[in-house]
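Here we start with a single chain on its own, the form predicted on its own, put down as structure tokens.
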């Protein structure tokens, strides 16, 4: 296999990697200004060309694979979802082609759609990270704005569930009556408190209000409110996911703060976790899909 250009194109940034035949990174670029929210409807080709022009000049025939929201309805071109159970070869077979401004082509990897109990769930970009974990069977956790838990069997994504943990935290912390109580510097012990409360009965909306009631009652300082909300929401995510995926070991695609928080939370739930960085998972996943072409 020759060199490959791997592109992670999301809402807020464009990242591209020049990979050698073994999938090692030779060069990389990251462009916040290239995020989808900053690209006009007809500007995707130009934005890609600007980001990777030096690599294309060196080899105009190098394959370009793109993952993420670039294939969404608001992206360059909508890539129809692959349905579960979905393998890396299924994604490779269902990639769609777009024309580059230099008259070459690029390929968009489709997302995945899952239906269970009459409800649908979707992912775009996470499927590539999942296959980058290189397991045949098990559970993979992808923390973030919209956290994903995915189950694999026989090398195929058989089911997954999305939890709006990160988005809910941002909304509550920045735009709710609960966030107004939060003080700095933060008291990290609030995170453990939130994890413990997440396992109590009463429902999430009721447990969330306890952040206000406990402060007013003098049972929790305002400095603990932010970490408390984080622990409560992550704990609620894990509690719900365990009902779906069981309590086995997991692989978590995270680094930095999310690795620290989910490592602590999963340990509290007595779940053994192995961590892989999102960049490594992305590159390995794109390399695997490329090998299936």
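Residue numbers count along the first chain shown, from 1. As the structure is a prediction and not an experimental result, all values here were calculated from the model.
The same protein also has a form predicted in complex with a further copy of the same chain, omitted here; what follows describes it.
Student: Check whether residue 240 has any heavy atom within 4.5 Å of a heavy atom of a further copy of the same chain in the predicted bound form, and answer yes or no.
Tutor: Residue-level check for residue 240: yes, a contact with a further copy of the same chain.
Student: For residue 214, is any heavy atom within 4.5 Å of a further copy of the same chain in the predicted bound form, or not?
Tutor: Result yes; residue 214 sits at the interface with a further copy of the same chain in the predicted bound form.
Student: Does at least one non-hydrogen atom of residue 200 fall within 4.5 angstroms of a further copy of the same chain in the predicted bound form?
Tutor: Close contact exists here: in the predicted bound form, residue 200 approaches a further copy of the same chain to within 4.5 Å, heavy atoms only.
Student: Could you confirm whether residue 69 comes within 4.5 Å of a further copy of the same chain in the predicted bound form, counting heavy atoms only?
Tutor: Answer yes; at least one heavy atom of residue 69 falls within 4.5 Å of a further copy of the same chain in the predicted bound form.
Student: Name the stretch: of 82-90, 98-106, 202-210, 131-139, exactly one has residues whose heavy atoms fall within 4.5 Å of a further copy of the same chain in the predicted bound form.
Tutor: That would be 202-210.
Student: With the partner absent here, would 46, 55 and 77 each sit within 4.5 Å of a further copy of the same chain in the predicted bound form, counting heavy atoms only?
Tutor: No, none of the three is in contact.
Student: Can you tell me which residues in 148-162 come within 4.5 angstroms of a further copy of the same chain in the predicted bound form, by heavy atoms?
Tutor: Heavy-atom contacts within 4.5 Å come from 148, 161, 162.
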